[in-house]
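Shown next are two forms of a single protein chain, provided one at a time as structure tokens under the names structure 1 and structure 2.
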Structure 1
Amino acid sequence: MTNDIHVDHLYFRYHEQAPYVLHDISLTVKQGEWLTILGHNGSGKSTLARFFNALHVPKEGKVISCGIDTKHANEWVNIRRQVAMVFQNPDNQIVAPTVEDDVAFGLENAGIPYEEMHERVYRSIERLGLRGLETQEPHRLSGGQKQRVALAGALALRPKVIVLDEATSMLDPTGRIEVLSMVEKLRKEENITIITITHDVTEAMLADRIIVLHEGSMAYEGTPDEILSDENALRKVGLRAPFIVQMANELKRQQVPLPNGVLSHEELVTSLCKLKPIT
């Protein structure tokens, strides 16, 4: 079974008289890649994400998730085990009185035998750095810890794909860093495909590939270097380039000979240090 996701000429509106929310979307997400779907609020990115695990089902176009056509209602449970979603507000995803019970919740609903469930729960807790918090009440945890609990519950189902729908937008900088670090670790060690839905251009820098949505259509597609270094293109779709990109571009306008594709503090500092001093 393929672990790719294919979207083919997808259109979507909420009812027949409503305007289209998505217009002719076609894309492929390859196994093991980190794809970011970037766009301002109202661009259609969260709506698109819900097609990946059959929370929405196309009436116009086709979506194939992990080799399964999402139009088949009898396959929806299977699709949602393969394509797990973590949403914006961790408090809305936590349903059990303890961390270990919450991680086990999805497995219980899936009918996983107790011994296997026990092993999966504690492996996921270990993998997400939650060891020692098994009996803690989730509502007492930090925002970053709560999102790691949600990720642990998703990981316990052994999905092929994890979709994070604005999953760091309500976190402080420390919580955001810890969640994204865990996501990158999971991708490398478990070969899980990661799809992040965000309006945060800084977060998008971590991806292998970026798709920019604007008013329900695909505006741009490319690597972070290609997409995030183009201030004018981002401005057209209501986004601002990362601060480092803005700074690097301003230095270039002042005739500082910097290379293209500077996206991080480290790259900017290294490039500046390599310049010959003015004599």
Structure 2
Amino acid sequence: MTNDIHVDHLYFRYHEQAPYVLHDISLTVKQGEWLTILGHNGSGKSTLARFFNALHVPKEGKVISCGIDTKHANEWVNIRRQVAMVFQNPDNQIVAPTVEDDVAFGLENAGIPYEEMHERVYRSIERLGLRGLETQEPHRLSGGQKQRVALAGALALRPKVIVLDEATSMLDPTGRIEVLSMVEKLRKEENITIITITHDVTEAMLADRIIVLHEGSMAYEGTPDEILSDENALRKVGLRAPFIVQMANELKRQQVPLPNGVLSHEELVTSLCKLKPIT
């Protein structure tokens, strides 16, 4: 399998005298993978993400995106078409007066011919479940719908990778589920590599693999099972284990013989029912 993103010994600081905000980051993201970058506020997640599509370019270390070294300035437009970003605030990334214009905006910039643009825009709108809203003003949509418009704009670029930088953190629970289920669908049906950036451990459960950033360094890397079940490790980096993990651990401390690795409601309920004396 090929790697869509490859980061090699990356160091970064915003100014010559400023402290490093990224220390020796090395990671790869495989094609078709869903990677979550988890970390507290200020841990360096957004800074790192901006290296993936050449919004930042390394002075120390190396970043290869979709097979291209991001140090080549003449490739930046190409890289940004292949690695699309969706950001936190839905209101700051909507630029056009209607949903369809907004989805088309990135394509116009990329110089796609009209016929093809038309086809791509309507296909993306369809894929994101936005049919019927084409001529709506984006500002009149719900937060979840706005983020779906942003995702449709990203999808229209036919990217290999979509990076979502806290794209659900301003949404209510319904909006959050709405957006994440679309992301899941894009990964499955369009084979797009997904990188989500979050401090929400529930969202991190959806990933294939998690890396945890802490003060600019990679603190842990592993599967959701490995990372999210370690309550103490998460606490050390300013995060919290999922509620179910905290519950399971506390019950074990109270001598309830639960199996290891309980992560979901269903698993915990089933295990508890097995322990209940019948008569």
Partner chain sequence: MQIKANHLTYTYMKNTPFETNAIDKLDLMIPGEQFTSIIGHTGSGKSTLVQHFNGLLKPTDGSIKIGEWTVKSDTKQKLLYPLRRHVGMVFQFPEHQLFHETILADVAYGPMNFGFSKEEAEKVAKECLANVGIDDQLFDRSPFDVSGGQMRRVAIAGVLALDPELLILDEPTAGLDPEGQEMMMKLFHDWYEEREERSIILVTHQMEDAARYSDEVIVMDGGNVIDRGTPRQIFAKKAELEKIGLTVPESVQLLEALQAHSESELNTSAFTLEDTVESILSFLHKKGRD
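One-based numbering along structure 1's sequence throughout. Keep in mind it's a predicted model, so treat the numbers as computed, not measured. We call the rigid core whatever largest set of C-alpha positions still superposes within 1.5 Å between the two forms.
Source of structure 1: the form predicted alone. Relative to the superposed rigid core, residue 17 undergoes a CA displacement smaller than 2 Å between structures 1 and 2. Here residue 255 exhibits a Cα shift of 2.5 Å between structures 1 and 2, evaluated on the superposed rigid core.
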